[in-house]
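Let's start with one chain on its own, the form predicted on its own, as structure tokens.
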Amino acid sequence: MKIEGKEFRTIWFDNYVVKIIDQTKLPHQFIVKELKTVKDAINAIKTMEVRGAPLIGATAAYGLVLSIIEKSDLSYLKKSSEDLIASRPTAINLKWAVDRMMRKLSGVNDKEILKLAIEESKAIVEEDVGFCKSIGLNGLKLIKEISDNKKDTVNILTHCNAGWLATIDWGTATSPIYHAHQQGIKVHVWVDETRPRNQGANLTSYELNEEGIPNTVITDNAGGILMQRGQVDMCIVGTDRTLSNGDVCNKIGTYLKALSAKDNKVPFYVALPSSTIDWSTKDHKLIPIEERNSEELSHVEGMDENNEIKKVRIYPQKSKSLNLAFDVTPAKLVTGLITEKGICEASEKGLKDLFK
């Protein structure tokens, strides 16, 4: 996708160095950062320089490449894989990518292991790009159907950032929007600001602006009244982990949007690549919900009139805060799951029929 008219991906491997877009600096500064060690990759995941389930998975895969470059030693590689998996607990793509890499590298001799690790990491990256493009083409049909019936701009509400910045390219929830825009369908996106890190306002709106797609940032609590007023035609969100029964774990606040959508008969879709499906966990209560630093709530960061990025406190100093990063939307509130293989109902049967 584009930044200032130039094509970019979120991560790439160049001359034995992994390069990423530092998303903690967006939208105010565009900085390409180099990851040279597995610790750099772990830190990038922990500090959310990279974020979004598919991108975290790709970063972990490249992290193992960096581990091999540092020290071609199986015990070090195994320790690196464990540290990568522990860096963020909720998104399933992280463990999926690490497990896939370790299976591929198991039993490989020292001379071949780096070459194979680079090839497999690049395969994971290219696979995700293909998945996200297919998600977009499948979701495009839903937008086109609304557009054909409405004969007017299609208003789509999304939450957090499930755009190309959360993947490698195209995005998940945004991919149908990008495809619709490219086909000349008029779309407008309501962008939840998504407190506390404001990933909607800082990232989704940023990338939509760069692609020339009309969008409006709204407070997280405004979605309900917009749905009541008939100003939302559909919701599309991403997911960090979707269980085989169709329950969806995504950025905190997704559940509340799904409840509003259900009450106002607004279609609520979840876009995801199959790498985000957790086939083994049967109860959403067993999903590890990440609890992040309370400072993300008590402080906000922005650019002042001197173009300097500053962080300021907005809570009383003695106030306590709880910063849960994700919630779970029950399958019964989800209209459908948009995947690379097609659209299915959010249920065990729907997913099994699609992924035979």
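Nothing here was measured: the structure is a model prediction, and the numbers come from that model. Counting begins at 1, following the sequence as shown.
The form predicted together with a small molecule is left out here; the points below concern that form.
Enquirer: Pick from I156, L84, A258, C160: which residue has any heavy atom within 4.5 angstroms of the small molecule in the predicted complex?
Expert: Exactly one listed residue reaches within 4.5 Å, namely C160.
Enquirer: Taking any heavy atom pair closer than or equal to 4.5 Å as contact, tell me whether A166 reaches the small molecule in the predicted complex.
Expert: Looking in the predicted complex, residue contacts with the small molecule include A166, since a heavy atom lies within 4.5 Å.
Enquirer: Whether A61 contacts the small molecule in the predicted complex should be assessed with a 4.5 Å heavy atom distance threshold; does it?
Expert: Looking in the predicted complex, residue contacts with the small molecule do not include A61, since no heavy atom lies within 4.5 Å.
Enquirer: Taking 4.5 angstroms as the cut-off for heavy atoms, does R88 touch the small molecule in the predicted complex?
Expert: Because a heavy atom of R88 falls inside 4.5 Å of the small molecule in the predicted complex, the answer is yes.
Enquirer: Test of understanding: in the predicted complex, would T242 fall inside 4.5 Å of the small molecule by heavy atoms?
Expert: It does not: once the small molecule is placed as it appears in the predicted complex, T242 has no heavy atom within 4.5 Å of it.
Enquirer: Determine which one of 65-73, 31-39, 297-305, 52-60 lies within 4.5 Å of the small molecule in the predicted complex, judging by heavy atom distances; exactly one does.
Expert: Going by heavy atoms within 4.5 Å, the stretch is 52-60.
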